[in-house]
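What follows is a single chain, given as structure tokens, in the form predicted alone.
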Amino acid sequence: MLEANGLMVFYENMLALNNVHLRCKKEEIVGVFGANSAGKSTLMYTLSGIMDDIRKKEAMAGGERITVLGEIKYLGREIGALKPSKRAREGIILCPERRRIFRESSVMENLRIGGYLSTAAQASETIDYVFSLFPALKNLRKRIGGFLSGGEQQMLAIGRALMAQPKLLLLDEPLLGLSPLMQATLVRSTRVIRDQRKISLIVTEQYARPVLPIVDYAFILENGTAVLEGNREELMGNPDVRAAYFGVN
């Protein structure tokens, strides 16, 4: 479904992504694991096209110069020059790190904003689906986003992303700052989304252990470089990876 080859991102003279190769097949869950500043969010911004918007805004403001190199293929077509809005219409939807919901809008308003690419029928069906996936949100549909807990905000962020009818959903550190119970709930929901909606997902996390049971394949990033890849069994069989990213010896 998506294949990235030789991705390189420079912030001025700092190399944020270094010759990264990544692939995600149809209806596959791919994990991308790495410490803080490993390049996970940069990778997600690059795949979604948002990095191009950031680059243009920095250039207009006289800020740091951002250079993006490499090839991204989606459904067999090169999309490196495609604007983020066009990528979204093609089904590449990013659920960003730290939720970034509309804090002054209600749960329903956030969902409806997320459905701007949907038909009325799609929006109605997806709202029903989001509430079945996250029943807590149904009881909070009139609650202002800023008054939700961190876990509730993350459920809303994922629900809002689903409203855009993704074919490839990019989840950037969805478990950040959440309790183990909420992490387990969201991990289960991620697998349910793949199975029920028949979409592909790329999930980034600092710690792989909560996400490991649901991934089909994973990549390890260190200092912007993909240093290791494999299926969950292969990665769990590596003692260095187990200690560094899975929290087990």
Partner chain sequence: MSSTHRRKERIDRGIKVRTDGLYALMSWRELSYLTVPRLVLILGILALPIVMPGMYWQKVITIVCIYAMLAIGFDFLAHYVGLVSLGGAFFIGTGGYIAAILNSSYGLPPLLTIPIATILGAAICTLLLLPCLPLRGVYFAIVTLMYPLVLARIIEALDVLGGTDGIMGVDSFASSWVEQYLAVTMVLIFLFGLRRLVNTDIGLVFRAVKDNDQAVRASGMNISYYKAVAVFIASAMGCLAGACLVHIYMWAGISLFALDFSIIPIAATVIGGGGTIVGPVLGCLILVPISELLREFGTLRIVFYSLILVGFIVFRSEGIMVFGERKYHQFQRWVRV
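All of these numbers come straight from a predicted model, not from anything done at the bench. Positions refer to the first chain, counted from 1.
What follows is about the form predicted together with the partner chain, which we do not show.
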Decide whether residue 240 counts as a contact residue for the partner chain in the predicted bound form under a heavy atom distance cut-off of 4.5 Å.
no
Residue-level question: is residue 69 within 4.5 Å of the partner chain in the predicted bound form, judged on heavy atoms?
yes
With the cut-off set at 4.5 Å between non-hydrogen atoms, does residue 181 touch the partner chain in the predicted bound form?
no
Residue 64 within 4.5 Å of the partner chain in the predicted bound form, heavy atoms
yes
Segment that reaches the partner chain in the predicted bound form - one of 204-212, 26-34, 187-195, 55-63, heavy atoms within 4.5 Å
55-63
